[in-house]
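Only one chain is given next, in structure tokens, and it is the form predicted on its own.
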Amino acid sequence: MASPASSAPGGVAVVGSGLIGRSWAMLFASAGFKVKLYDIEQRQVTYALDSIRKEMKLLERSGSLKGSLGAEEQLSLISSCSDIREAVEGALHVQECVPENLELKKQLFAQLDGIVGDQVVLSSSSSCLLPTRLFSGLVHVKQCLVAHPVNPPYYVPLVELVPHPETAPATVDRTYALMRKIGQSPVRLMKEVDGFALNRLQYAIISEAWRLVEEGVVSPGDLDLVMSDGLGMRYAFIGPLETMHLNAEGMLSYCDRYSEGMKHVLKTFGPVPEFSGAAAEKVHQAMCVKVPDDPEHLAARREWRDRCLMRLARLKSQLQPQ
């Protein structure tokens, strides 16, 4: 019988071994891909592999490990690498996960551009840097795109695929298929836009949430309940457009019934908040009552969040429409 490594469907290089890089490595390994996890310092990769091992073992014990392979089999597919040429050798896909710094990312992609061939996809995990800023001028620009995950990607499946104007359609198609293969939910953006789709929606919510608190309409705690026990209950399963469609006799009925009210409310929205000063202090204090901002409490709350996301993911998989 072939070993997991020898029967793996191909190679992937993950460049950057922080939280996002580790999560990507776990996702690719869960689908049977051999993963080379690269970082500039070997000790960072060693720490990352140790963290991945602990997390995979916990996931296996709780029955939440993704994929058909056991934890040890998946771990055998992930190797560390401190030489970038060695990391990308034989890779079909390179997933960049370095800090969100434009110059750092540009330098990295320029370096990758000089060492990869014409078949590998160069993909950035950037959450807001536009592909034209990251990839313009590269020889292999047709092979480049942004694949922006949601943090943490192992527990939240959405991935936004954002092409450069010169990205080949085949590059997007290949990446879309790869994301589906590893269990993610890819969405295609037809063109680049600041904030992509997810953060544009997220920032719109944050902005109005901030204004409502700043203007004394609602407390920070109650504002969060509006989302977690209100809108978020629906949005965990259906999006805002389907919500409109279902909340009337179809979309046209909803627009006919509610458009005037929506336009009236939207015209009352204020300017973009500064996210500083007294309002920031007020929100900070309210959040710290719920979750103190020391590393221990924040880490514990994130672990609780991730467990909730795992349970929600299992529930959603059971409730998919036929």
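The numbering used is simple: start at 1 and walk along the sequence shown. Quantities reported herein were computed from a predicted structural model and do not represent experimental measurements.
Here the subject shifts to the form predicted in complex with a small molecule, a form of this protein not shown in this document.
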Quiz item: Which pick from S125, T175, T167, Q184 sits with a heavy atom within 4.5 Å of the small molecule in the model of the complex?
Solution: S125
Quiz item: Which one of C144, C97, V159, A87 is close to the small molecule in the model of the complex, taking close to mean a heavy atom within 4.5 Å?
Solution: C97
Practice problem: Kindly confirm or deny that Y38, Q44 and H148 each have some heavy atom within 4.5 angstroms of the small molecule in the model of the complex. | Solution: yes
Quiz item: Do L19 and the small molecule share at least one heavy atom pair within 4.5 Å in the model of the complex?
Solution: yes
Practice problem: Considering only heavy atoms, tell me if L104 and the small molecule come within 4.5 Å of each other in the model of the complex. | Solution: yes
Exercise. Spell out, yes or no, whether the shortest heavy atom distance between V15 and the small molecule in the model of the complex is within 4.5 Å.
Key: yes
Self-check item: Heavy atom contact within 4.5 Å of the small molecule in the model of the complex, the stretch among 217 to 225, 233 to 241, 126 to 134, 159 to 167
Solution: 126 to 134
